[in-house]
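Taking the form predicted on its own, here's one chain by itself in structure tokens.
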Amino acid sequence: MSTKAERFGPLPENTVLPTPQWVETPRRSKYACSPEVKEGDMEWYPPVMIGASSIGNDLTSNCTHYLKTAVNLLKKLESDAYVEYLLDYYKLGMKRYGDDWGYIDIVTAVLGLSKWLKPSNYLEIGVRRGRSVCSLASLCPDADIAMFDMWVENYAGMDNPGPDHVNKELDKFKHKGKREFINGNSHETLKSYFTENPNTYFDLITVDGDHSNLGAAEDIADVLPRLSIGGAVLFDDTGNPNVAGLGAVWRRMLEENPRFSTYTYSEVGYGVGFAIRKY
């Protein structure tokens, strides 16, 4: 059995990571791609019309806008110690650095990706109290969402009340789309879900569940084939020193993968990365 240090520490370069099983003809994301050409016509350019750096640049150059939006969103949610910390952190950064602060985290990244991609469906691994999924719902209330979690009690030393709580939070943002709660270990439930739903694709996917190196890599490998062309996958904790191997997992599985354009922020906080699928 591997030790905690081996599972969560730096990722050795010779570690074999799982390989996604790619689907031959995935769905196109409506807002990120050019219209499909008529039969017999030539599609001169690849269909995706926006890259990850465009969204990343918007998130940093308009950081204050996204942080103010995040503050208003978090104030609507039932608070806990982490939410209170985030609010204080945001407010201090904006006061101290103003519009020159380029901070990004999972909440502002979801807001930015939702604004640019307007996803019609969203998958999230690691829901907890619903901050990220409510960020999506606040801008895309009609989106269908699939939420995967184990609902571990006393997660990170805080209450983890489960689907009923998340439903109440989503209601605050007038979410009208379909909601699915898939409870259990994502390494089992994702595979079962995609087997049962072979034609389902997502425009935005957040991976924030198992934080062990190989566990996170397995979640990524499981979801990437079901990401729409032009859709984005979001990965948390790329710069978190407590889970030092996740940045390398992200680099090897996404930054070095020609199927994706990527943007990674690891300068401040715990870091976050997102990638848009090109083909």
Ligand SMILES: C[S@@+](CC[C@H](N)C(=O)[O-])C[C@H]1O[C@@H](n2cnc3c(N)ncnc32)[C@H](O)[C@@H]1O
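Note that the structure is predicted; figures quoted are calculated from it, not measured. One rule holds for the numbers: they count along the sequence shown, beginning at 1.
The same protein has a further form, the form predicted in complex with the named molecule, not shown here; the description that follows concerns it.
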Discussion item. Can you tell me whether D222 touches the named molecule? I mean in the predicted complex, with a 4.5 angstroms heavy atom cut-off.
Written reply: no
Item to complete: Report yes if any heavy atom of Y85 sits within 4.5 Å of a heavy atom of the named molecule in the predicted complex; otherwise report no.
Response: no
Discussion item. Is H211 part of the interface with the named molecule in the predicted complex - any heavy atom within 4.5 Å?
Written reply: yes
Item to complete: With heavy atoms only and a cut-off of 4.5 Å, decide whether A146 touches the named molecule in the predicted complex.
Response: no
Item to complete: Would you point out which of 89-97, 111-119, 173-181, 186-194 contains residues with a non-hydrogen atom within 4.5 Å of the named molecule in the predicted complex?
Response: 186-194
Worksheet entry | V166, L204, I106, A137 - the one with a heavy atom within 4.5 Å of the named molecule in the predicted complex | I106
Worksheet item: For 118-144: residues with a non-hydrogen atom within 4.5 angstroms of the named molecule in the predicted complex?
Response: E124, G126, V127, R128, R131, S132
